[in-house]
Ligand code: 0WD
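To begin, one chain is listed below as structure tokens, in the form predicted on its own.
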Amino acid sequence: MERGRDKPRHSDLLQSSTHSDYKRSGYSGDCYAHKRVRSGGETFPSVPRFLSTQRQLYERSFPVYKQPVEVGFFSLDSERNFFNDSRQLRYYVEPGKSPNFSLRDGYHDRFIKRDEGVKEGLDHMLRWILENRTKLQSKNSASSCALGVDFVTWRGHLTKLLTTPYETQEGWLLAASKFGGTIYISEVETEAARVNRESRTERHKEMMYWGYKFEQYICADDMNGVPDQGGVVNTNEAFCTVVQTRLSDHKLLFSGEVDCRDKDPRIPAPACYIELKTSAEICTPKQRSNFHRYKLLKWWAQSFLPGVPQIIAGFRDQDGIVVAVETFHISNISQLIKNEYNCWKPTVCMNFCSDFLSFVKSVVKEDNPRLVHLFEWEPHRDVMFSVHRDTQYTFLPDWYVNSMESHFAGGAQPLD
């Protein structure tokens, strides 16, 4: 941010759609750029063309973010089958002070890896909605939307939005479709991400395994059980929480995978959940600074969104041996980074996410599951979008659309 420059006011950022003074080559302080649409001589309200990601635009008060409420959960088994229950939930078992875990153990002979080439989209989330829609509709009976929420998505997609103002390496593609008054957002793999996935080195592949192996060392299948440290690591298996919350005026329903929970049954979800991470051991001040500036940003965003209060991290050496375990409380992370020069700010992350959702709402107007607005972003660029009808980008499956329409036709709350 430029020193001595006044921060843009919130009212400047959300100017009316008739604003036409935005100059692409000379930044004017407006995060949206608009275009007028004319037909037969008549002028219609303009549609935003792009959204800026410049950090200084989002340096304002922290937006309203309601405490996330868990409205459900589901499990995915060893073959990626969906179950509307908690059978895959695991329990945290505190390790000793000197864990000495070998994260390389089992990589070559006890590892079943999920096929990342199979793109599941929102399918598991949609199956959960079909099995729980009556509960959702009763919870949101006063809403004009069929589900009572503005957006349905994965936690990981929102995490990418939160980190966008500070991301310098990886872009993203997010597809959005409006159906029943709710906007569904699903990620599309970029070409760069595909190339990166298909060209990983053997070392990179093994290091990705290390995080799952760490979970196996400190998670038990039962509340009073012990970890099966020599068992098979199968990354098809997952337990996912489904939470509902509100960011500014955006009602959100999203799901995210949970690593484990605290054994204390008195702690309610999502406060009982724990995120597990691994990272290289920190030996120098420079390494600690980089850890604060880059890794903690993604860790914070991922856990803050669903209301997971703590991260337990295993710090490992270059040979994959865990040498220390440390707990990070999400509420304290902003204090950890406050002395880092020009570091990331939670308020910038949340305000950008809120404004992106406003941007999507202003663009995605037609209620049509076959119509996709594809939002694209590359580092150091603006967020742009393109429109696609009945193409490979359509992601809401017929089984979901037909089931929901039959549900509404049978007397449930109608579509908009």
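Residue numbers here begin at 1 and follow the sequence given. Treat the numbers as computed from the prediction; the structure is a model and nothing was measured.
Not pictured, yet referred to below: the form predicted together with the named molecule.
Residue-level contacts in the model of the complex: of R261, H292, K277, K213, one residue has a heavy atom within 4.5 Å of the named molecule, and it is K277. Though the named molecule is absent from this view, in the model of the complex it lies within 4.5 Å of a heavy atom of just one residue from R133, K251, R155, K345, which is R155. The candidate spot formed by R114, E187 and S255 lies fully in contact with the named molecule in the model of the complex, as each residue has a heavy atom within 4.5 Å of it. Using a 4.5 angstroms limit between non-hydrogen atoms, D228 is distant from the named molecule in the model of the complex. The named molecule is not drawn, but in the model of the complex it has a heavy atom within 4.5 Å of R80. Taking the partner from the other structure, the named molecule in the model of the complex has a heavy atom within 4.5 Å of a heavy atom of E120.
In the model of the complex, the named molecule lies farther than 4.5 Å from every heavy atom of Q88.
This chain is displayed without the named molecule, yet in the model of the complex the stretch 147 to 155 from 147 to 155, 281 to 289, 312 to 320, 161 to 169 comes within 4.5 Å of it by heavy atoms. Taking a 4.5 Å heavy atom cutoff to the named molecule in the model of the complex, the one contacting residue in 290 to 311 is Q302.
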